[in-house]
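In structure tokens, the next block holds one chain alone, the form predicted on its own.
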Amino acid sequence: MSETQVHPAVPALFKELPIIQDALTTETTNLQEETVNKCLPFLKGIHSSQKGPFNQFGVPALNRDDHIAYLYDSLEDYPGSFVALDASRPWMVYWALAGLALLGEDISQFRERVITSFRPMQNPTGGFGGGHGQLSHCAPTYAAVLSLAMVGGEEAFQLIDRKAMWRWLGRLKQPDGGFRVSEGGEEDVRGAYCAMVLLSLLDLPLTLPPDAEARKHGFETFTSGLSDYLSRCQTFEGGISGNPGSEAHGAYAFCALACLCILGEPEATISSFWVGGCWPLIQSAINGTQPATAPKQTSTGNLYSREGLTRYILACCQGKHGGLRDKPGKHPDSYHTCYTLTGLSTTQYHHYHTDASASSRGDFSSAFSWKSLPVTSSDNQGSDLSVFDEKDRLAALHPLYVIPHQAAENMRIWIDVEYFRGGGQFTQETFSDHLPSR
């Protein structure tokens, strides 16, 4: 294709280099310019790999069938060279399942395989390792529990040893309010976010186990000192670092914001914080709690360019043979396929926190009060347009747990039902004595 064949609906903003450029030339600015130049042909729709079709806005279609096939294949056997990723097996399952859920696939078909895979990864002392015989770690435990929530069903939920999980998380709580990612491992906001996801989804007591080391430092609950710890991770430019004093990073910003939103209503827990998944949380903090049945229209508009992110993902990130990448020149993988699809989904829905919870009890009922509404062409405001076709709409994921809303709610509701089946006799003080292991 030639420059004259650029779709007339592609705005100048997406056809030209940035108007304002840094006068100081560095390795970073050179890399940025190189990346932008790689992206421009894709954004214009003139790259040789792009065959169309393009919609009325000059945006390529989502290659849904190719991405589904790619993710199904990622759940099959890997060559021997992938042995270095052995400890990431729960993540690879989670990325594939979440991506398939976004694309509308029924992932309950993988229930038995997921249960069989994760059963030997769970340690008697609590939590999951990356594989059989590996040390329990917050990251694979997070991925395993979310995967079990997505495939659903009583057998999947019962697999998780909640009592051992509670005791293990108690050993990760630190005297400065944060969490380690494993016993003897590093402490950062990933550990805090994963711990809050596990505590809230599994409805574990907030009270620390009696033998938790953090009790010697005056802490009584998992949330003691946590907000202060997260606030110390905010850097001078407004972002969030992995731990106090480190460089801010978008992924850590999400972990901190989502952690705060699990603790309570966004407008109350997010007082002055800021990468894709963060925007719905900040937007909700600004808009406040909404009526579940009729959310109010707000005048704040969009905090980021939905159009820009949609164009970038559909034009620049789709692999030729399925799967998605982070930018042109890179190869697709299940990690980027999952989270790039998640970013596209975020552009397609309004997420808001409501005054009604799917969970009838517990300390984290607020985390199950989130809803979403589809973004439509009628929501177009000024220059920020909805530029995707309806056939390319993905499913909505819960903005805190990054799994389908119903999957998160089903796991929590099942635990609520189990609580009442037991007569509601389990309190935080007697949890360790009375709760069955599974």
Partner chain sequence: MSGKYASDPTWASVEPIPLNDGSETGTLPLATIAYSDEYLEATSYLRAVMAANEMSDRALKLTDDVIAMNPAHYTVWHYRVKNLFALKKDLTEEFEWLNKMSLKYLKNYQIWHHRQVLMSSRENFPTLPPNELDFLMKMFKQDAKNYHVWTYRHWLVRHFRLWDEPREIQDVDLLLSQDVRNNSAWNHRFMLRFGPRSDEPDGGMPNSTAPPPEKGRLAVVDEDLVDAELEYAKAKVIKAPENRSPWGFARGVLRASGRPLSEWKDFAKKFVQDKVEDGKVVDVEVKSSHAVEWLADTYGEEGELATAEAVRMFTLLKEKYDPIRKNYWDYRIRMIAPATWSQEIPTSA
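The term rigid core refers to the most C-alpha atoms you can superpose between the two forms while keeping them within 1.5 Å. Just so we're clear, the structure is a prediction, and the values are computed from it rather than from any experiment. Positions refer to the first chain, counted from 1.
Not on display, but discussed next: the form predicted in complex with the partner chain.
Option from 351-359, 184-192, 155-163, 215-223 whose residues, in the model of the complex, bring a heavy atom within 4.5 Å of the partner chain | After filtering at 4.5 Å, what remains is 184-192.
Taking V36, K38 and L43 as the candidate spot, are all three within 4.5 angstroms of the partner chain in the model of the complex by heavy atoms?
-> So, no: the whole triplet misses the partner chain.
Taking the partner chain in the model of the complex as the reference, which of T342, N302, S365, S108 has a non-hydrogen atom within 4.5 Å?
-> Only one option qualifies, and that one is N302.
Taking the partner chain in the model of the complex as the reference, which of S377, Q56, T26, S49 has a non-hydrogen atom within 4.5 Å?
-> So the residue touching the partner chain in the model of the complex, by this definition, is T26.
Consider D384 of the chain shown here, and say whether it contacts the partner chain in the model of the complex, taking contact as heavy atoms within 4.5 Å.
-> Judged by the heavy-atom cut-off of 4.5 Å, D384 is in contact with the partner chain in the model of the complex.
Taking 4.5 angstroms as the cut-off for heavy atoms, does L75 touch the partner chain in the model of the complex?
-> Taking the distances in the model of the complex, the answer for L75 is yes, it comes within 4.5 Å of the partner chain.
4.5 Å heavy atom contact, G264 to the partner chain in the model of the complex = Close contact is absent here: in the model of the complex, G264 is far from the partner chain, nothing within 4.5 Å, heavy atoms only.
Given that the partner is absent here, does L172 sit within 4.5 Å of the partner chain in the model of the complex, heavy atoms only?
-> Result no; L172 lies far from the partner chain in the model of the complex.
Members of 83-109 lying within 4.5 angstroms of the partner chain, judged by heavy atom, in the model of the complex = The stretch 83-109, when checked against the partner chain in the model of the complex, contributes V83, A84, L85, D86, A87, R89, M92, V93 at the 4.5 Å heavy-atom cut-off.
Rigid core fit then A12 CA moved by 2 Å or more between the shown form and the other one = Comparing forms between the shown form and the other one, the A12 CA shifts below 2 Å.
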